[in-house]
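This document starts with one chain, in the form predicted alone, laid out as structure tokens.
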Amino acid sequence: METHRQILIFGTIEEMDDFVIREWERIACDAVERKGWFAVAVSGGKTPVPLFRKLSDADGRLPWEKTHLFLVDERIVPYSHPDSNWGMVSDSLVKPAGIRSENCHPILVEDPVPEISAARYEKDILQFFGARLEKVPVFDLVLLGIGEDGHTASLFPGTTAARESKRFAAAVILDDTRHARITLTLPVINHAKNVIALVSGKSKADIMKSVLVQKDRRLPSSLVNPAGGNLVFVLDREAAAQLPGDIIQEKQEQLRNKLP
């Protein structure tokens, strides 16, 4: 099945966040109407913090009581650590929005063996979706970021996790200077109904050209392709600076048609 892909370019990060909130609301309400619940996997880092704070202020518009919140990836550090994705998500979204603990699905990090943590997260995902091992869970929305090296989630170029085709969660061991991680794998990401990649800053311009124009398949971000789903790249002008003018012009026209 063909992926419906869009590249939308915004003047400010605030406009990017407002667009994502509208999409989150639309997708969440549609999912709840269809099946009674909404499953979303979110990324960490600094980029989504303002977005999550705005989401937590969307009083009455979002069905938090029927929202199940998962992580795209996590570092093997305590939740109180400044590098913890769940710590950030909890402080900026879960607590302010009052999302119930039974609706939260953090990646457990108590075990020092990353492979054990990955297996436990996969078990949690399978138990929630009621999926058999040969069936891939389907998230309503996956919110991604993209790194300067072309990684997304914790799928880094050249790692075994980026090539994983059977498991739904994988351990990622990098080097002595970086924390071990747990990540959703491409089979899960590419079965989502909606994937939004949020990218900003001039430091991302070169890699976005590699991903969106050259489609370099050595980069995990270039392999995000939700079959039969929607894939939206949400960029600011700095991140889009290396994209050809005809692509920018075409996608801005799509944006004008999409926004109210």
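Note that residue numbering follows the sequence shown and begins at 1. This structure is a prediction, so every number in the text was calculated from the model and none was measured.
Keep in mind that the form predicted in complex with a small molecule is not shown, yet the notes after this line are about it.
> Where, among 151-159, 90-98, 106-114, 165-173, do residues come within 4.5 Å of the small molecule in the predicted bound form by heavy atom distance?
Replying inline: Heavy-atom contact with the partner occurs in 151-159.
> For this chain shown on its own, do Ser43, Asn85 and Lys204 all sit within 4.5 Å of the small molecule in the predicted bound form, going by heavy atoms?
Replying inline: Contact check passed for all of Ser43, Asn85 and Lys204.
> Out of Asn230, Ser56, Ser210, Thr47, which one falls within 4.5 Å of the small molecule in the predicted bound form, going by heavy atoms?
Replying inline: So the residue touching the small molecule in the predicted bound form, by this definition, is Thr47.
> So in the predicted bound form, does Ala118 come within 4.5 Å of the small molecule, heavy atom to heavy atom?
Replying inline: Judged by the heavy-atom cut-off of 4.5 Å, Ala118 is well away from the small molecule in the predicted bound form.
>> Pro137 versus the small molecule, in the predicted bound form: is there a non-hydrogen atom within 4.5 Å?
In response: Answer no; every heavy atom of Pro137 is more than 4.5 Å from the small molecule in the predicted bound form.
>> My question is simply whether Val188 lines the interface with the small molecule in the predicted bound form - judged by any non-hydrogen atom within 4.5 Å.
In response: Because no heavy atom of Val188 falls inside 4.5 Å of the small molecule in the predicted bound form, the answer is no.
>> How about Ile146 - does it come within 4.5 Å of the small molecule in the predicted bound form, if we only consider non-hydrogen atoms?
In response: Taking the distances in the predicted bound form, the answer for Ile146 is yes, it comes within 4.5 Å of the small molecule.
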